[in-house]
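Heads up, the chain below is alone and in the form predicted on its own; it's given as structure tokens.
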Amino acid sequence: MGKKKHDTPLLDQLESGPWPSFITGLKRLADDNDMMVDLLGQLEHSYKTRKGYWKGGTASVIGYGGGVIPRFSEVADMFPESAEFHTLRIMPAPAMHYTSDILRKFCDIWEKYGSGLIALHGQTGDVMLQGCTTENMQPCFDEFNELGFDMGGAGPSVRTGMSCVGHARCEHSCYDTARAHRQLLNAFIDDLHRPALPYKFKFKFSGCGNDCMNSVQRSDMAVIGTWRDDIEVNQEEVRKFVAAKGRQYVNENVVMRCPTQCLSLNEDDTLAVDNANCVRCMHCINVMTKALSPGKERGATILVGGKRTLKIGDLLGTVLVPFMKLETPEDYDALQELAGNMIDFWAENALEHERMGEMIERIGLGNFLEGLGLEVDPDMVAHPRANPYVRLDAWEEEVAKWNARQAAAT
């Protein structure tokens, strides 16, 4: 018979509303796990006193500097079964591909060594195994490692990457997200397992401008699929779409919602696209999936410096490389080299507890580009100019230089 459950009147109230409650799940786990019984007791105690009682510390598995989030209870005398409630971060496969058999094995191992509480997935992308004792960490990880899974990142390190499903199931994907994800994470695995950087560094890989990984907002290096030729248009499918939905629907939901007004519906129910003004937002392609698709010359845009609030508020990624082909092994090696140069420069020049975007904000994008040996490009825009006064001195000479660089690149 398990441990007697604590009275939890405050937690019970969280189950009384119209929405599903996490408390219900915790109570179900507590039926067979004494650790969860005391976890609920401690949580109720925190609600009563309006104070948290978890503290950090040091806990890891052999050979790894990170990957475990240590949690020790300050009220362990009251709730001894949850005195230690560590979280193990396990890296998922690129694009989060699992078989049902693997997921069942995950659950079996975690029920054997931990609380049974799993989060799929954390903000960084890891499988979060929440609630493990120090004693059980090593045997638990050993069994996950035998399945082919590795420990995720924690602390001031390269963190676990995230990638969308990409080529595996999405027709919009402009490069192989899983390949890029795997190559970069393998290349920087030492920086992931042995924290020695100013703060955390995140890779995220999205196959198209829909950015299903929210990489612009959440990653220090975002790789977003794009194309640099014209949108592919199947006019016969356009006509079928117009016939099914009506011209008014197409005008209101496709044409008028284009952010740069580069679409127009012709009299014969075909679609005209002003590709020079297209910003690859994906809206028209998402609505008219059979009729429109990304262009044939596909690759990725590299952005740098996205993050949530820390020292200077939220930052969206700034364009670093407007377009990079990602087709051949050499292309992916070039992406890896760029990532390595970025991490090295950041490691040498960032302040302690300073993310990539905050360092760039402090030293200036020009100095960052000079450190990486990259040419300045007009597409490297963090936000539109607020000052309408632009100097035109030597403008023609600069345009000539720009055209010459573009000609040399192509």
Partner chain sequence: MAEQPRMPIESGTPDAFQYMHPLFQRNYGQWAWHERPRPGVLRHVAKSGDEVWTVRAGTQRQMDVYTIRKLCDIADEYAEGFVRFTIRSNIEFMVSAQDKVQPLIDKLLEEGFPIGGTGNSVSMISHTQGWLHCDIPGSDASGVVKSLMDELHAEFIREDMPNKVKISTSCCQINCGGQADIAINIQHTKPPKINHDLVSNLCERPSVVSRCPAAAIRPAMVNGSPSLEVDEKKCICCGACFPPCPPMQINDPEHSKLAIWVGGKNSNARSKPSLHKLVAAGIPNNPPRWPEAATIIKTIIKTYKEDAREWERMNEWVERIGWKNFFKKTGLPFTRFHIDDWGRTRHTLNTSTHIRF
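Between two forms, the rigid core is defined as the largest C-alpha subset superposing within 1.5 Å. Residue numbers count along the first chain shown, from 1. In this text the structure is predicted, and so the values were computed from the model without any measurement.
Although not depicted, the form predicted together with its partner chain is the subject of the following passage.
The partner is absent here, but in the model of the complex a heavy atom of Trp227, alone among Tyr113, Phe79, Trp227, Phe203, sits within 4.5 Å of its partner chain. Residue-level contacts in the model of the complex: of Val273, Ala93, Val75, Leu197, one residue has a heavy atom within 4.5 Å of its partner chain, and it is Ala93. The shortest heavy atom separation between Asn251 and its partner chain in the model of the complex exceeds 4.5 Å. In the model of the complex, its partner chain lies farther than 4.5 Å from every heavy atom of Leu265. For the chain shown alone, Asn367 is a contact residue for its partner chain in the model of the complex, at least one non-hydrogen atom being within 4.5 angstroms. Using a 4.5 angstroms limit between non-hydrogen atoms, Gly66 is distant from its partner chain in the model of the complex. Contacts between stretch 213-229 and its partner chain, counted in the model of the complex as any heavy atom lying within 4.5 Å, involve Met213, Asn214, Val216, Gln217, Arg218, Ile224, Thr226, Trp227, Arg228, listed in sequence order.
When the rigid core is held fixed, the Cα atom of Lys51 travels 2 angstroms or more between the shown form and the other one. Distance between the C-alpha atoms of Gly366 and Lys401: shorter in the model of the complex than here (change of 3 Å or more). Here's the thing about Pro20 and Ile102: their CA atoms end up at least 3 Å closer in the model of the complex than they are in this form.
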